[in-house]
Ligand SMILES: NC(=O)c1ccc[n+]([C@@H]2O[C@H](COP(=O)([O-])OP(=O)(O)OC[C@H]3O[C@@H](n4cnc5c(N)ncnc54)[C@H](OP(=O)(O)O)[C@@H]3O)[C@@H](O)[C@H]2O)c1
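In structure tokens, one chain follows: the form predicted alone.
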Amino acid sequence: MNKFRTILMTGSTGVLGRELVSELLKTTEDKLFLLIRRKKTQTHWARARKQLTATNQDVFLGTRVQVIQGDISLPGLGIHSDDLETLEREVTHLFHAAALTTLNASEEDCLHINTQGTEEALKVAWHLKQKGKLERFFYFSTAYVAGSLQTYCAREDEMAREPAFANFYEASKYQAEKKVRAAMTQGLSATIFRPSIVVGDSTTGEVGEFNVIYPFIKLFAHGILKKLPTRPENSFNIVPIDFVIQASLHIAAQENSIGKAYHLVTQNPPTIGMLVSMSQMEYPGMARMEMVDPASFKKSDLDLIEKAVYEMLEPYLGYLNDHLTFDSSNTIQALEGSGIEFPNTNDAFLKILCQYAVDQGYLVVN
């Protein structure tokens, strides 16, 4: 990526956003405008400083990194008119990475942040295109816009006609991507990235937040979850965050990626059986879990505590009984010759993820 860009980024304090910022500062000369929400006890500048200090990149604050106060849940992303004029003069690329990724979040919150937030980001993009010099819009969707509760091969340049959602997160991201695709047909130069379940670094296991698949592993490891309606051969598509960052930025630099979507997934997803076997071998003191055939599983057979845990876990179950497969034709072509390879998510990788969680005290095993 040799072309100098000025980027406006939403979601820069999230799991993906933090890594995008760090990688862009390390590998490019791009200037970044970070849209950050003010919190009660922290200004938007203070939040940015804390984030950049953690990666030893705070030297860029105020020079290559500028901070704009805003909120994706507000009209126009809550950007002040003076800041908007600055963005009109400078911004050439917009990365919309902000999202509510909590799988058990309410329908209202998911629609407000994921769907309506994307609609507001698109409005800002159109404004910067018409009044400024915006060239590209990049949107981070999810591989699960098809809905994880079905057997289906999701194609990169299509949306499922009959999605089967496991939670409001999937539904809200589906609606959001539809809005981005509509903007594409109207002339917005947009590119869509569809990562699957984003987990820790492929080498170290390091991750900014333990979410999505990690809470399930924790319930399992701590003996809170004793029965699970799944089969050993069922897979779950996880993807290390370093692959998502490297692949998306490489693709973003390609002019021919305009108007396309890209599945950032593993081509050989691990199975529930692999996870259980690895856990029992590496952590013999870890609690055992019984896998129950989903066809014969009855919630009424659970005791009160197990039932409460199961109900908390229900929005996650589509990922643990995953029958989705993903066409990656666009991604394969875009990464050809780049040296960026699809991740190997075997049992050794599962061990790396779990060991990092143990080292950080998130998982407590004997």
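The shown structure was predicted, so the numbers you read here are calculated from the model rather than taken from an experiment. For every residue, the number given is its place in the sequence shown, counted from 1.
Another form, the form predicted in complex with the named molecule, is not on view; read the next lines as being about it.
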- Where, among 223 to 231, 84 to 92, 272 to 280, 165 to 173, do residues come within 4.5 Å of the named molecule in the predicted complex by heavy atom distance? 165 to 173
- Task: Please pick, from Ala97, Ala183, Ala252, Ile217, the one residue with any non-hydrogen atom lying within 4.5 angstroms of the named molecule in the predicted complex.
- Result: Ala97
- Message: Exactly one residue in Ser248, Ser257, Ser235, Thr101 has a non-hydrogen atom within 4.5 Å of the named molecule in the predicted complex; which is it?
- Response: Thr101
- Closest heavy atom of Tyr262 to the named molecule in the predicted complex, within 4.5 Å or not? no
- Contact label in the predicted complex: Cys354 to the named molecule, heavy atom within 4.5 Å: no
- Message: Check Ser12 for me: does it contact the named molecule in the predicted complex (non-hydrogen atoms, 4.5 angstroms)?
- Response: yes
- Message: Contact with the named molecule in the predicted complex for Ser141, defined as at least one heavy atom pair within 4.5 Å: yes or no?
- Response: yes
- Scan 206 to 222 and write down, in order along the chain, each residue with a heavy atom lying within 4.5 Å of the named molecule in the predicted complex. Asn211, Val212
